[in-house]
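Subsequent text provides structure tokens for two forms of one protein chain, presented individually as structure 1 and structure 2.
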Structure 1
């Protein structure tokens, strides 16, 4: 994200929306979660100029028009799925080898190009 506080129409931005207020959230949530609103953040192209915090309509990459409060200008992607789990890293390779051995023992060719 840049230090910009204003955007112009067509800029890549992010808006924030409140989906559920605390009173509307499930009663099965932990208290520290239930006391906060459920929010979502959506990235897209600003449909007009605006400043951080302003109401803003954006067009997403899929063409949806979404309204929210401008929360970032030129946002990046910072998600992660965490570190690999050592016990699971080789599961795919091992499974493919086992399937190839099974197909070889059965005398049939695996489905699809390039094996299982």
Structure 2
């Protein structure tokens, strides 16, 4: 994550804005959704210098000019794999052992050794 709070014109940034206020939303929503605005985030090139939270116009990848408030500067991606899942770590050894037993019972050569 960049810690920049100021961008220059031409920087790759993200803006956010409200698309629909709760009163303008679809009528068929569960209450926990209906009471919140529909918000959007979009990335593009800053058209002016600015600070986080400032009104900002960006030019998107399709060349559209979109207004919003500056929400991130040079925004990255930080999703990962995370830690191994304890409930899954045994799956590989269990199934390999099961296959070895099954093949032995069938009279097959163990995987990877001999055989035609």
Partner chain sequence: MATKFDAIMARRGEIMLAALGMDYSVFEQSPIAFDYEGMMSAHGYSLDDIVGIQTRAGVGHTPLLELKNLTDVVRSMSAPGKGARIFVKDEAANMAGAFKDRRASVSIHVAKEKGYEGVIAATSGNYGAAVSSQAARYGLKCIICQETFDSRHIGQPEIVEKSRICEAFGAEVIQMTVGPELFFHMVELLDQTGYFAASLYSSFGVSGIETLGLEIAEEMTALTGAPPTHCVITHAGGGNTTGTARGLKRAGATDTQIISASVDLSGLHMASDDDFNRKSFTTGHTGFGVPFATWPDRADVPRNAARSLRYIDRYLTVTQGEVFYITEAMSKIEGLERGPAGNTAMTVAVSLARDLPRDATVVVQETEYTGAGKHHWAQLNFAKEMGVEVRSGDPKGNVPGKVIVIPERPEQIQAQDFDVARMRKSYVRNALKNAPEGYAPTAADIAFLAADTNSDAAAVEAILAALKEA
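Keep in mind it's a predicted model, so treat the numbers as computed, not measured. In this text, rigid core is short for the largest set of C-alphas that superpose within 1.5 Å between two forms. Numbering follows the first chain given and starts at 1.
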Identity of the form predicted on its own, given as 1 or 2
1
Split the chain into its two rigid parts between structures 1 and 2 and indicate if residue 31 and residue 75 go to the same one.
yes
Rotation angle of the smaller rigid part relative to the larger between structures 1 and 2, in degrees:
48
Once you lay the two forms on top of each other by their rigid core, how far has the C-alpha of residue 79 moved between structures 1 and 2, in Å?
7.7
Having superposed the rigid core, state how many Å the Cα of residue 95 shifts between structures 1 and 2.
26.9
